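First, one chain by itself: the form predicted alone, in structure tokens.
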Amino acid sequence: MTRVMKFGGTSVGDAAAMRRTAAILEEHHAREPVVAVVSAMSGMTNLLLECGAAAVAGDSESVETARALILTPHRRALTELVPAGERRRQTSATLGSLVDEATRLLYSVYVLRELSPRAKDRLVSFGERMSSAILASYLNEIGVAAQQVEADRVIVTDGVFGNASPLLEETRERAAEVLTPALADGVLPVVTGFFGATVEGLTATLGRGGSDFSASILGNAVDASEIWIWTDVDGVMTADPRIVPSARTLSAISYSEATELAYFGAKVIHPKTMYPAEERAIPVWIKNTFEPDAPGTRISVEHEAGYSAKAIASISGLAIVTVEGRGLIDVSQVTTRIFSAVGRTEANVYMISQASSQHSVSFVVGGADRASVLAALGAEFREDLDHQRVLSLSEERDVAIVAVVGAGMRGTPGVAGQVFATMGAEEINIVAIAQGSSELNISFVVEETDVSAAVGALHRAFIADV
């Protein structure tokens, strides 16, 4: 059986990190077939985006210096890992060719003053293309037969640039053509994370943090025995350790719990990662590249039994937008109109709360999206506001969501009461409340200044003594 292993930006961030990653791959490849999936070097995706933004703004100096900024850290790592010889020359030429293509794209953006979603996806893919070329070269240098594989040869997606979804059956067919023969020959494929390609062959990214998603997609495609996500922490924790120093690593959680935690701010794994793995019941492990012997967290169908709540998560930097009016109930299809307007802004809606009287509808969005959301709603309800069918559009800034997550909450009486009693004891005001239909989480909104106190109190109440 094949094991898929994904390595994040810190795991390929420089020559030292790549050596650690290669040592892990060498050890496991000696025992079983392995597919590696790699992110860009730490900070490289942001750098490419900044270069694109500078080109759109007409900053010719930034465009001219982009080549050196992109190439220098990659050449430095290659020089340390493969100091001489034909392999070094060929990999250096590959890096040069890739950065030349990225630079040409930036010049085109500079001339047109436009960075389309399609062009942006192509631009940001160069980080993974370059890091994977270096890692594959180094693996061969230390005697591990490896082959760089650019994911647009394997992962087939829809045409939603910037947040593409995989076409799993088509991807399985491509994997059989590209990955299976390499694995049969004892070769370790080093696949670029974060992106695939449309049916037409156009590069399409899977969303920020999409390398985790890539690993799960490929695990599904090759019927992997396990998927290992290597990162810079020991696993999924009961809370953010920066907020709760006593937080511990969870030994096991379910796919559903992991999805909820990822959605509500646990950055250790991408929210979409679970469904391709769950479809084929493939366990997902979260492991620490810098502490490879640490147990990690196993994500699968099973979970640790006996606990009503498993972890406390939070998302800060949010805003609540409220549509309110005594006549709101009479406004034709008001809910549809609200979310159609919000949908046109492409803002992510984290939570929805509607009064039973339909007197008001509130929803939580990212703080950076609030202005565009309010503008879209103002345009949609202009006539209703003029006739006072809708009385107001309001916002509350600097709020956060706190979520209590755990499969054991399902059907356990008194959990919600304990959550809100805990907040009451801490004198923390709750602005809005929601409970998912799955009963896996209870989430609520508080002022951002109360996040640390809320998370800490809930962790003590539900988890600290477990």
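Because the structure is predicted, anything quoted here is derived from the model rather than measured. Residue numbers run from 1 along the displayed sequence.
Quick note: we don't show the form predicted together with a small molecule, though the next part is all about it.
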Tell me, please, which stretch of 426-434, 65-73, 401-409, 35-43 lies within 4.5 angstroms of the small molecule in the predicted bound form when heavy atoms are compared? 35-43
Though the small molecule is not shown, can you say which of Gly210, Gly325, Pro166, Gly235 has a heavy atom within 4.5 Å of it in the predicted bound form? Gly210
Would Phe194 show up as a contact with the small molecule in the predicted bound form if we use heavy atoms at 4.5 Å? yes
Is it the case that Glu260, even though its partner is missing from this view, gets within 4.5 Å of the small molecule in the predicted bound form, heavy atoms only? no
